[in-house]
Every structure is written in structure tokens, then in C-alpha cells.
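Take a look at this one chain, the form predicted on its own, written out in C-alpha cells.
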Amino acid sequence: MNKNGLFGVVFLATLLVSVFVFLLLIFSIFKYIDWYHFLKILFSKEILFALKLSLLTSSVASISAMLFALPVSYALSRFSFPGKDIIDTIFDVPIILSPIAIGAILIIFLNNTSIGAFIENKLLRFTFEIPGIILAQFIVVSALAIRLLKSTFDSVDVRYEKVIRTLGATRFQTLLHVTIPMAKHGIFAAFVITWARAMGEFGATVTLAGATTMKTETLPVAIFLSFARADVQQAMIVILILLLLSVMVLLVVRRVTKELVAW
């Protein structure tokens, strides 16, 4: 066997082993599911509540994060200003910081500072409430949205923007009619990934909003509560729901990416 043949065998063997391990982990879920009671558990009030709450909070949080991230990421991509590297680094902190730590920081801010106490007591209560879920998800996924959108704007050739600027267009018109249309596939992919990350958020959510059944119970929290009461059946079904949602998200992102490359 020549060197090139051995090279290919090593990498393909690694690929096959990796796929086998992942499939083994995924199919192990089915071993613990009692399919006779599957639909009964799936359509129980608790699971339906957790699913609806997860869809609601992750959608609100991801849309808010995208609206916040669009101008921020565009500014980081197109403008030069003092302290840009520091600001860019600050927006990466929620990505590398533990979600539990983020939740703890939010609790401290809302309950131990004058501004946080005013928000909590006079405007909107977040601690152990549904708005707290949205806030925790927003803080966690907004940094991811900024990073994804910045990469998307970086990939748009600035020469197209310069051409339309020479024709008298303002920066806002250029953004609206050139940059965003050229980056639309990347923006959509960023939204889908951000939404999926919000859907799976647990650490910051459970720290700030708590884990109360039928109140602040998202799908990840439902898994936690199911294991806490030794209900493995329900935990596996919720995991299966999240797994199916993840696969759907990955398929959508892959499709959008292919269209972007073809475009």
C-alpha cells in the first residue's frame, strides 16, 4: 500500500469510528424509551408546556438578539475606532464564560444594584419568572449572533458598497439595498443557529429563572427535572425532541450554506 493509500485509510477510518460513536450514543436513547407510553408522555401537559415555552422564549430571545447584533456586528465589521479590539473581545466573553456564571451575574445585577433593583421592582420582574428565561437566553446567544453576523458582513465585498456610494447612496441606503441583500443567506443561517442555541440553553436559565414545573420549565429544564425525580422515560423523550429539533436546524443551515456557495 502506497503512502497516499495509507493516508486515506487512516482518515477514513477515523471518520467511520467517529460516526459510529455518535450513532451509538444517539441510538442508546431508544433503548430506554417505552414506546407503549411514548405518545402519552409526549402529549402530557408538562411536556407540551415545556415545548411551547421553549419555542416562545427562544424565538423572542433570538429575534431580539439578532436585532441587537445586526448594527453591532456591522459596526465591528465596517468601522475603525479606538478600543475596537477590546470591545470585540468583550462581546466574546458570553461565549466562553460558563452559562451558570452568566446567570449568577444577572441575579447579582438585578438584586444587588440600584439599577437592577429598580428594573426588577418597578419595570419587569425577571428572577424566577418567564422574562428571566428570555433575558438569560438573550445574553447567552447575543454574543453568538454578533460573531456569526460579523463573519457574514466580513464576507461581503466592500467594493460593491463603494460603487453604490459613488452613485450618491448614503451609508444606510447602501446597507439596506446592497449589504443586507448580499448577506441574507448568512443572516438567516445565523438566526437559525442562534435560535437553536437559545432553545438548548440551560445553565443561565435555571440559575436566573429557576426550575419550577409548569412555570419556568423549558425543554432543557424538563430534562433536569425528569432526572431529578428519576423519570428516565420522560427525560429520554424530551432529549429525543431536542435531538429532532437539532437535526432539523442542521439540515436548514446546510441547505442555506449550499445555496450561499452556489450564489
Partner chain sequence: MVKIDNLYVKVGNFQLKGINLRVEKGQYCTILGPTGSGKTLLLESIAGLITSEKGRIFLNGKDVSKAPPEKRNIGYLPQDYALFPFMDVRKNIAIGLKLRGISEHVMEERIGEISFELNIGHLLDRMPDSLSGGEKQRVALARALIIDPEVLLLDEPYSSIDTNLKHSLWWFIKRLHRRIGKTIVHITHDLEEARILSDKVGIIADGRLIQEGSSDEVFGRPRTVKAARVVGINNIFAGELVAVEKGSLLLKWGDRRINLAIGENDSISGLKPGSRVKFSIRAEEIEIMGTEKSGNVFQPGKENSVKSVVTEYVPYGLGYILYCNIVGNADNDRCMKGWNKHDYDFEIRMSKERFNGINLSPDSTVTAYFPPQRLFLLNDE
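The structure presented is a predicted model; accordingly, all values stated were derived computationally and were not measured. Residue numbers count along the first chain shown, from 1.
The protein also exists as the form predicted together with the partner chain; that form is not presented, and the subsequent description refers to it.
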inquiry  = residue 177 versus the partner chain, in the predicted bound form: is there a non-hydrogen atom within 4.5 Å?
reply    = yes
query = For residue 160, is any heavy atom within 4.5 Å of the partner chain in the predicted bound form, or not?
reply = yes
inquiry  = in the predicted bound form, does residue 147 come within 4.5 Å of the partner chain, counting heavy atoms only?
reply    = no
message = Just checking whether residue 83 would be counted as a contact of the partner chain in the predicted bound form - the rule being heavy atoms within 4.5 angstroms.
response = no
message = Looking at heavy atoms inside 4.5 Å, which stretch does the partner chain contact in the predicted bound form, given the options 122 to 130, 95 to 103, 137 to 145, 181 to 189?
response = 181 to 189
ask   = From the list 117, 169, 87, 75, which entry has a heavy atom within 4.5 Å of the partner chain in the predicted bound form?
value = 169
